[in-house]
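The data below hold one chain only, encoded as structure tokens and taken in the form predicted on its own.
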């Protein structure tokens, strides 16, 4: 079990995600991480330990990002295995909750195509699967990659060249929050609505095999 929260809006994403992730501490506390998108790249910050104990945090200027609190399943507790995970060029960044039951088979196929991995996790293969469908628009690439996965999984993904967040789930929880503002709406996506419920005026529970694009 792991905690996911993503944010898109007009506030500093790092601050919003920090607040939400602390509310998901019960879902995982052996490592944590953030993927924060700005105009130039997606900045990934992650480490081992309980995020509840983190007092200082690098403030990256961004209004779109994802974060994760991990309870280790596939792969030991280490900084390399902490989420988010990325492709080699760091353009695709994802967080994941669940277990990819066929990840060894998928990883072997990706290795045969020249993909290189930085972690022991099943999660990292999802980034590379999305990359395999890079001829499609990003949401469609995520959809096609997700259909390759067996098991109960939820994924939230960022791409450097795509404005917004893409989330998809089957078996594992994923919930969208919407806050309507007069100037710019804010969007949240998380594995538990407690991560953002104080900030929103609308909550949408995704069905299994449902994909959402927030932009």
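Numbering follows the first chain given and starts at 1. No experiment lies behind these values; they were computed from the predicted model shown.
Below, we turn to the form predicted in complex with a small molecule, even though it does not appear here.
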**Prompt:** Any idea which of 104-112, 121-129, 139-147, 86-94 reaches within 4.5 Å of the small molecule in the predicted complex, heavy atoms considered?
**Reply:** 121-129
**Asked** Using heavy atoms and a 4.5 Å limit, would one call residue 74 a contact residue for the small molecule in the predicted complex?
**Response** yes
**Prompt:** Can residue 8 be called a contact residue for the small molecule in the predicted complex at 4.5 Å between heavy atoms?
**Reply:** no
**Asked** Would residue 214 count as a contact of the small molecule in the predicted complex, using a 4.5 angstroms cut-off between non-hydrogen atoms?
**Response** no
**Request:** Indicate whether the small molecule has at least one heavy atom within 4.5 Å of a heavy atom of residue 169 in the predicted complex.
**Result:** no
**Prompt:** Would the small molecule be touched by all three of 37, 65 and 165 in the predicted complex, meaning a heavy atom each within 4.5 Å?
**Reply:** no
